[in-house]
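This document opens with one chain alone, in structure tokens, the form predicted alone.
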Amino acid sequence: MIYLNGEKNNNYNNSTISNMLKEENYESLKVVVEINEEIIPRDGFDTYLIKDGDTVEVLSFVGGG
């Protein structure tokens, strides 16, 4: 089990960040992903595997004015 944005989630153990973002309907170019309080570089989204016990936060940018 992982924590995704503060909630328990059993769907993404051993999944890549890219797969998780796609399944959660995030656009990878418009988010920052932090795992265990460490920002993951965008070029690692296709290879970084989310592991059991990870805390994943997806931060979206919202424009305003």
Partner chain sequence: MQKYDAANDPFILGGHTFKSRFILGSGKYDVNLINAAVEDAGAEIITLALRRANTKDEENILDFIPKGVTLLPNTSGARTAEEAVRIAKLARALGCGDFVKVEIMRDSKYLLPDNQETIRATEMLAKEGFVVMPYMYPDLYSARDLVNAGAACIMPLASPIGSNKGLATKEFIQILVDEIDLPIIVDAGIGRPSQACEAMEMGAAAIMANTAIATAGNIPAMAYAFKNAIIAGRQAYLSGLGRVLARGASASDPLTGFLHD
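Numbering follows the first chain given and starts at 1. A quick note: this is a predicted structure, and the numbers were derived from the prediction, not measured.
The same protein also exists as the form predicted together with the partner chain; that form is not shown, yet it is the one meant from here on.
Interface residue among N25, T47, N10, N14, judged by heavy atoms within 4.5 Å of the partner chain in the predicted bound form: N25. The partner chain is not shown here, and in the predicted bound form it never comes within 4.5 Å of any heavy atom of K51. The partner chain is not shown here, but in the predicted bound form it comes within 4.5 Å of a heavy atom of L59. For the partner-free chain shown, E24, N25, Y26, E27, K30, V31, V32, E34, E37, I39, R42 of 8-43 come within 4.5 angstroms of the partner chain in the predicted bound form, judged by any non-hydrogen atom.
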